[in-house]
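Consider the single chain below, provided in structure tokens and representing the form predicted on its own.
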């Protein structure tokens, strides 16, 4: 760490100029202070990693624990109960043999076959949402009219849950992902309601199993004593929150990136074969991913030549790592045909995102449908006016007004 910046403590998350641009500090930190001292919303201290190789190293190393419910780990949020990262029950599924067992079970459920079967449904849902947008006429909010409902339907369909109250689900998710937005009382109430909702569905599926993932998890558990009832509920909760919240946000951000410089959209219209690489580049280029992934060190170690003592909380910024010029040529440019593209948006190592194949399918299908149905799509506001989502662990845009 360079001496002039080693004593400086930055407030984290770092502020970015707009919803689509990175914080100015990233470049400076990657070049001169790759292990930076930061102060979290709770007031606790941590260190921030911004370089690609360092972030990848930490995310792949089993000595760096996801369990922030341990003594000495930094608290992240302003509410007393802490964030999802500090939930001791979730932590019990996050490490060691129980994690391996849990992950094997979920992997069996997230098969290529199941995701391919979902693809047709995703396309039909996307077309239905476009029909509704066209019926109402422009301007439309791509977030509330498309990016939010699509992944909720997909995840609900995957789990065999009829979601009639999508707004309630969004509220519960946001409460679980709060950093500064909700009080402890609101978080507790939301978690209780969410748990009751899911326990009711688990009981119904046990009585009358279907072809869905939740029924499969219950059947496997009943046969092999794999998950407790509480673990089943938390697994369904995790899939619902992670599966809809991150993808909803990513659809809004991807479309904003592609339309903020309309030559990108025109290029895809001319050459739809770039859809797959354009999705990967949107995932890499996303400067507004949110908090990043925290890890807690169980033994003394070293990162980027800096000693990190046991008991340090480390924040891995995948967004910054994905903009590292020493790893990605022309990292600050959005290249729709970039290949190879070894971004780490979905993490790395044993804890990389389980639902990444499904997320990719949703993002690719979104682009296919919108390019075909609304080729004249354009932002109805200036890119710098897009309102950022605030106070949550995930990054996103509140509203993306479009016309066609």
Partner chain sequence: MGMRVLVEYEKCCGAGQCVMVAPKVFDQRDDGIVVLLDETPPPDQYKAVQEAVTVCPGAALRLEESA
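Given the structure is predicted, the values throughout are model-derived calculations rather than measurements. Positions refer to the first chain, counted from 1.
The same protein also exists as the form predicted in complex with its partner chain; that form is not shown, yet it is the one meant from here on.
Although the partner is absent here, residue 339 is a contact residue: one of its heavy atoms lies within 4.5 angstroms of its partner chain in the model of the complex. Heavy atoms of residue 111 reach within 4.5 Å of its partner chain in the model of the complex, making it an interface residue. Among heavy atoms of residue 53, none comes within 4.5 Å of its partner chain in the model of the complex.
When its partner chain is considered in the model of the complex, residue 66 lies well away from it, no heavy atom lying within 4.5 Å. Here the marked residues 107, 276 and 348 all reach its partner chain in the model of the complex, each with a heavy atom within 4.5 angstroms. Heavy atoms within 4.5 Å of its partner chain in the model of the complex are found in exactly one of 167-175, 310-318, 112-120, 246-254, that being 112-120. Between its partner chain and the residues 31, 70, 368, 356, the one pair within 4.5 Å by heavy atoms in the model of the complex involves 356. Note on contacts: among 103, 189, 267, 128, the single residue with a heavy atom within 4.5 Å of its partner chain in the model of the complex is 103.
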